[in-house]
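To begin, one chain is listed below as structure tokens, in the form predicted on its own.
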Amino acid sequence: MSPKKLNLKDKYKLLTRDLDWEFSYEDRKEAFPYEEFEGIKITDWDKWEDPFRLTMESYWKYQAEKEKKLYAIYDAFAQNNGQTNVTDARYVNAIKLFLTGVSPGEHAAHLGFAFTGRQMGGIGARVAAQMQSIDELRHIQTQIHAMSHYNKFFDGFDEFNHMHDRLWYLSVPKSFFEDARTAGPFEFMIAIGFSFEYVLTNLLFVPFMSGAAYNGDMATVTFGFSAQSDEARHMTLGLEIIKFILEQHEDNLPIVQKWLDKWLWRGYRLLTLVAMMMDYMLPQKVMSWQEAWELYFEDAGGSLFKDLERYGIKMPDYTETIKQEKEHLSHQAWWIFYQYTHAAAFHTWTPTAEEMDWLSEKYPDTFDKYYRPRWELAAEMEAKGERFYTTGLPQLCQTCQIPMAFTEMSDPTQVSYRESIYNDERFHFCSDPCKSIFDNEPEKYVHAWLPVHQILQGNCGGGGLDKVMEYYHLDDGVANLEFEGSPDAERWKEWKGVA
């Protein structure tokens, strides 16, 4: 008699849940020391539900099929000199920003989910976290391969790994993921699995991938599509973890709510890079940052939090602040980078008259009033050969580590400053939410590695701007300055036959 063929549910149970075992000579609390570390109470791990019921056998087959198709497209892109089909050489700066600012975060998430997959007591959650860990590792590999073709023709790609640990603005995404990874496993899952993967992932991937499609970059579009099915699983896992924790014990609610408040804001501040990319870096624009925020968070995210109201969850505290900032964020961020482009791994520029008209249309209440005059003055100075650079070092926010150039929403002509005193030392913040996050965990954020402080202490190559640039590997003096006249721009003109 042939053995009975297992159905999918039984096969999944056999290859996941049945791999767990009862501890006999070791204390279970010692095996999973972080499970109670954060105050989360789990009463029954068997209540964990994985809606995908994916086994490792199915996972490898599924991913291998995607890899074959993905790399076939990469090869075709390279063989057909796909870099010449993008709309404008300025576009390449958007994927430089992605490679240096986003891709290393995939690796950090890989390490974080590997840790979480070891430290959670339930076998279902451990298997799901380990699969996501492998996903994140795959994502950074496919992203590097997609962009490696551009490295043959444009500056600023080959040093992304070196820059990740050193370059001033990359401390923003680096600190975000290090903040999550130095939390316990449940907070990590809320931070990355729910707040970032579920609530904010569309604001990260859709603008970048849509921007790539609009600007002729099929390699980037392809790795985005290849990761899309993975992201669907990640979003489902993020939603499952928050429901699971809230259903386990009523004492978990205030802890989860505090994490949601914190990580929505931390993720939003990280997406500042995406906001300026959408509004300023794409030659062919998809939509404005304000439109993206309204579509993917206010509409979709608002519905999500309404669904979570039955568990006692409320909309995070800082959403009203974000709603006010959405008309200002990208303009203020691009101005920061415009001033400091001599110390960045990508180019910046003043928007053209046509682009300013587009910004005026998208931001009718703020752009013409606060930002058009600034950009017109910058363009005039640049035309005279007096391109504006800031030679000093900015003050950084202790929490998000972004230079403190964001303004008061009640008066956008005034820079927002907040401060707290801890152990007789004064700390500075760009906003009320960043100050609140610090005040909740000051003993954690006092250890922040702030690039400006490190430069002043001589820990970034020594004294003098030239030493810092050498430390950053931005010491050629040409490639990272103005776009016009740069090697990137000149190669592009040569390909297009432009004098």
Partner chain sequence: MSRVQIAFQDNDESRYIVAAIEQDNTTAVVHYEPAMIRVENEGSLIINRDTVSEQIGMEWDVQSLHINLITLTGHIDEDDDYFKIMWNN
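Numbering follows the first chain given and starts at 1. These figures come from a predicted structure and were not determined experimentally. We call the rigid core the largest set of C-alpha positions that still match within 1.5 Å between the two forms.
One more form of this protein exists, namely the form predicted in complex with the partner chain; it is left out here, but the text below deals with it.
Engineer: Specify the contacting stretch among 357 to 365, 273 to 281, 229 to 237, 343 to 351, defined as having any heavy atom within 4.5 Å of the partner chain in the predicted complex.
Structural biologist: Among the listed stretches, the partner-contacting one is 229 to 237.
Engineer: Just to confirm, Lys314 within 4.5 Å of the partner chain in the predicted complex by heavy atoms?
Structural biologist: It does not: once the partner chain is placed as it appears in the predicted complex, Lys314 has no heavy atom within 4.5 Å of it.
Engineer: Just to confirm, Lys69 within 4.5 Å of the partner chain in the predicted complex by heavy atoms?
Structural biologist: Contact check for Lys69: yes, within 4.5 Å of the partner chain in the predicted complex.
Engineer: Can you work out whether Gln248 and the partner chain are in contact in the predicted complex, taking contact to mean some heavy atom pair no more than 4.5 Å apart?
Structural biologist: The answer is no: Gln248 has no heavy atom within 4.5 Å of the partner chain.
Engineer: Taking 4.5 angstroms as the cut-off for heavy atoms, does Val221 touch the partner chain in the predicted complex?
Structural biologist: Result yes; Val221 sits at the interface with the partner chain in the predicted complex.
Engineer: Using a 4.5 Å cut on heavy atoms, which of Phe244, Tyr318, Trp293, Tyr198 is close to the partner chain in the predicted complex?
Structural biologist: By the 4.5 Å heavy-atom cutoff, the listed residue in contact is Tyr198.
Engineer: Mind listing which residues of 291 to 305 have a heavy atom within 4.5 Å of the partner chain in the predicted complex?
Structural biologist: In sequence order, Leu295, Tyr296, Asp299, Ala300, Ser303, Leu304 come within 4.5 Å of the partner.
Engineer: Tell me whether Asp10 is among the residues that move between this form and the one not shown (Cα shift of 2 angstroms or more, core superposed).
Structural biologist: Yes: Asp10 shifts by at least 2 Å between this form and the one not shown.
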